[in-house]
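Only one chain is included here, represented as structure tokens and corresponding to the form predicted on its own.
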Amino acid sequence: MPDLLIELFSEEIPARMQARAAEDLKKRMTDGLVEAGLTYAAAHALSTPRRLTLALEGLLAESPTIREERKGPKVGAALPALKGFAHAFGISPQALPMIDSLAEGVGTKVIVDDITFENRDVKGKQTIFASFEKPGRPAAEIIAEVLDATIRNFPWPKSMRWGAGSLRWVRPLQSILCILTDEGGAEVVPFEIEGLKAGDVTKGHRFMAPDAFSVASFEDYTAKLKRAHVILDAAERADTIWHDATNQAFAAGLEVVEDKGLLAEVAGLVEWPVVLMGKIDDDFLGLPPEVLQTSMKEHQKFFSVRNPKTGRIEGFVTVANRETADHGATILAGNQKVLSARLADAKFFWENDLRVAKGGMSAWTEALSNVTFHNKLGTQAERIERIAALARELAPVVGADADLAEQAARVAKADLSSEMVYEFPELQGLMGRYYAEAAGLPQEVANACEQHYSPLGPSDDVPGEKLSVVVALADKLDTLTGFWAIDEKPTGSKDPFALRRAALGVIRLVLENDIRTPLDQHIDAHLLRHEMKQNGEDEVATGLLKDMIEEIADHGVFGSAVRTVLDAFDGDLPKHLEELKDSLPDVSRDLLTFFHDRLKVFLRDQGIRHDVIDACIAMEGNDDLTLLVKRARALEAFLKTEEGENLLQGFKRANNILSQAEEKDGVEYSFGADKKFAEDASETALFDALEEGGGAISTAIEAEDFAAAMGGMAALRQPIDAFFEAVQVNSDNEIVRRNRLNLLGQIRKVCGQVADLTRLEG
């Protein structure tokens, strides 16, 4: 079995594209080969800045011969059916009389163009079958076809066309290496595309070993590349960089700040990594370490080197792509010069920003009135007003001081106007903390400036400080309600405003900080604030909307609050407020459903079944996410027990019988069960168990002790099982039948206190 080696050699491939491109080459080639009948034992995809490489081991020398058989029409079928069947095999109409001759009887065969047509009996009907052999093809022929399709249809995020041809590639494609190797040696696969002919030749390092050389196998290829100053494996290049960088830093009594993303990127920028370490000028050591790290990483792709004793960033590591006679001194000096210019800019921004911050940050917050957040949602300054109002609302829920919460909300985004954040947007929030500290604001307010963007993803840390939690919640809820108010919701895979991430952030903030609040109440009030923004010129409307928000704050019921305020108004209402009664409640429910959908994804990742979540969402109070999750986890644990599984089956049996009877009789059997009509001891025992268990479950639910509620349900398992074993529900005695159906209704009612068990599968 031969091995296959492919190398696509080009100008520099962007580092961010290399790993994905190597995997795409592997997938498209292997999928195409397997589909054509060529299987293999192992596949390896590798990349450097100038090449994509694929190595396949144990490839079949040729595709196997395949015998195919297809069922056709019945013997004596109409001519169009016969023509269509013959046409599928490329048989000319002139051959149809030969196929018609199959009518002589079962077992008759006719061979036309190497295709065998046969009359067979299928369930007493004579049917035409066609069979033929598809001969195997040499591996080289198939490889050439698949490689051509792969190159022409390669999924680069961006590509370019060059020269006179129509071929597109990320950068000009210069050569193709494609060889099959077996015990007899290496064979070049005959292949050509747009004037590029495959061979067994490649090149080494652009500067250190530019001459071409031939290779005879994958092992020969990797060995010769290394001698030509090319490390083929990106993981090996990354290991080399990290090993050399940490050794040099350790020798100087320093440590390299770990950055896996930067390490992977730098490994994609070089074929022969040479690590050089330099020192940051003393003038810049006073800059915040994050500023130094960000400037060096974003502009120069440098690693930061920290003094473990002081925690300061005092040096940097750069990675060159070649060895030099002066051991990198010239390269390091040039990098040092460019870095100093970058850090001088950063120092200028920092010092200017500090002067503004010490004046109270008001200049920045005022400047945000000129920064548009969204053309339908107003400026950043207007958004801050809404967030501040919501933060005051949320503060008591979290246990934070309302005045501090409002103060933190008003300055949390002030750094968006700073010069440093304008230059480095990724530092927003962090610089807010530094500037708030410089302004003399309380430390918890400063911390909220940094932490209110969190969590940014499923693995990001969740803030724990009360003030930070309040502002983070207010920020995310304002974003979600705002885009729902203007009907800019995620569709399919598109989510340009990261609303799914914002919803997950709210969920994690609530759950991980054990916050108890009806989320719907805050959604409703904030939707009304957006309504005030869109119709703020109307004083009557604005006054009414403020009244509605106060009503919601007191009672927490959206629809009722709207109707109460509007019905009490003496005079003609603005038209948009009349429409508000119907439209905004629907928007509110839709947003809560969105939260529930994201919660399902979040809990499924923790092993909680989707039907369990649905059963709990169906219960009252489902906008209290902490309560909802507590209920779902208790139910999930209960259903994993033998009692839970058996009780569910008993409940479903009772519900099915009850549903069928209610549909048939046109009545609801939900009350009126009386123990005096019980005819069997098991029936009496079930009455007693439901009376006792129903009260216990109800008490436990009120106390939010769901473990105890599940225990109460577990106690019902045995009497329900005994009832169904001993009693026929649909008795001939109509009074007994109705009483037993009402008893089943009692089972449904008692068990339904925990969750809507009708939504559970199994």
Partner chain sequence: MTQNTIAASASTGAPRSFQEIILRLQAYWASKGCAIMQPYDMEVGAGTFHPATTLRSLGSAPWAAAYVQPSRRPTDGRYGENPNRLQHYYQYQVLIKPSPPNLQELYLGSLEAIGIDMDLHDIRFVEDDWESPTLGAWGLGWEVWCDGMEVSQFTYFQQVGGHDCAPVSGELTYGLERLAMYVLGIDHVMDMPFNDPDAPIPLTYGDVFKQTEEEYARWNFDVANTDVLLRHFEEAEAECTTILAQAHIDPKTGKRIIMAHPAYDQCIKASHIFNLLDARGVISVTERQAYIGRVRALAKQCADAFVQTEAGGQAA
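Positions refer to the first chain, counted from 1. Remember, predicted model here, so these are calculated numbers, not experimental data.
Below, we turn to the form predicted in complex with the partner chain, even though it does not appear here.
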**OP:** Quick one: from His229, Lys600, Arg206, Lys630, grab the residue that has a heavy atom within 4.5 Å of the partner chain in the predicted bound form.
**Re:** Arg206
Original post:
Which one of Val421, Leu287, Ala395, Val270 is close to the partner chain in the predicted bound form, taking close to mean a heavy atom within 4.5 Å?
Top reply: Val270
Original post:
Since the chain is shown here on its own, which stretch among 631-639, 243-251, 132-140, 167-175 would lie within 4.5 Å of the partner chain in the predicted bound form, judged by heavy atoms?
Top reply: 167-175
Original post:
For Leu504, is any heavy atom within 4.5 Å of the partner chain in the predicted bound form, or not?
Top reply: no
Original post:
Applying a 4.5 Å heavy atom distance criterion, does Val319 contact the partner chain in the predicted bound form?
Top reply: yes
**OP:** Would you check, heavy atoms only and a 4.5 Å threshold, whether Trp162 touches the partner chain in the predicted bound form?
**Re:** yes
Original post:
Hey, in the predicted bound form, does Thr517 get a heavy atom within 4.5 angstroms of the partner chain?
Top reply: no
**OP:** Just give me the residues of 1-38, first to last, that have a heavy atom within 4.5 Å of the partner chain in the predicted bound form.
**Re:** Glu11, Glu12, Pro14, Arg16, Met17
